[in-house]
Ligand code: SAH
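Shown here is one chain on its own, the form predicted alone, set out as structure tokens.
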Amino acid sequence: MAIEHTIRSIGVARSPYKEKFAIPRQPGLVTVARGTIELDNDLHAAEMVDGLDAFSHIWVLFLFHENLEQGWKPRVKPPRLGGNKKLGVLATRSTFRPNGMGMSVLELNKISIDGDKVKLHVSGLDLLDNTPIIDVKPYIQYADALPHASSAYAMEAPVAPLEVNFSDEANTALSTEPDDAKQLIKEVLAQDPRPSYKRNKADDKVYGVKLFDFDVKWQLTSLTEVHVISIERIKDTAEPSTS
């Protein structure tokens, strides 16, 4: 018998990924991806995280909020199988799940507390900006890391196949930015964020991806190389207040 239960979010993720395209398919693949989990002010958050700073990593449970209205699928095509073979959704990490829930192991760098405002500073992020967080749990090494576990596919982390270079224009745009901004762009694009069916195929299309406050234009120039054409700061399109 199905049981209905309402789950409320306990916070929100702040992430450099402003759109779903180019988000790493698993946490930890882009090590310099840093962000925060901001816990809701009305949850006695400072008490909730008491003792959590003793752990190096945390499990973060969240909602695939941009997929919820699209519903779920009983069979999906995992990217690691080339996007051509279907498996049952429960045999995959697909975002189109019955309850739209995901989980990631993230490195916990520090916890900052300012009154009732609590932030968990994390790295290895694979979450879309503004992702609703529904739970956080400490990562327990002896129980959560099982060296003898096996899987039918994705036994090893994917090797970033592409070398990334920057045009003079792109380098100039980043010249006043922190070094990790350029490194994040390199690590994201090295993973080849194109659809799975385009892997190892020539492609002269110019792609765009939004990272931090930048619109990054890039193109595959060979089967092993990505060229970053331009990097432009995204303009704030919010209308000024008339009050």
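Only a predicted model underlies this, so the values are computations on that prediction, with no experimental measurement involved. Residue numbers here begin at 1 and follow the sequence given.
In what follows, reference is made to the form predicted together with the named molecule, a form of this protein that is not presented.
Of the candidate stretches 41-49, 57-65, 205-213, 175-183, only 57-65 contains residues with a heavy atom within 4.5 Å of the named molecule in the predicted bound form.
Heavy atoms of L128 reach within 4.5 Å of the named molecule in the predicted bound form, making it an interface residue. When contacts are judged by a 4.5 Å heavy atom cut-off, M103 counts as touching the named molecule in the predicted bound form. Using a 4.5 angstroms limit between non-hydrogen atoms, R93 touches the named molecule in the predicted bound form. Not displayed here, the named molecule is approached by R25 to within 4.5 Å at the level of heavy atoms in the predicted bound form.
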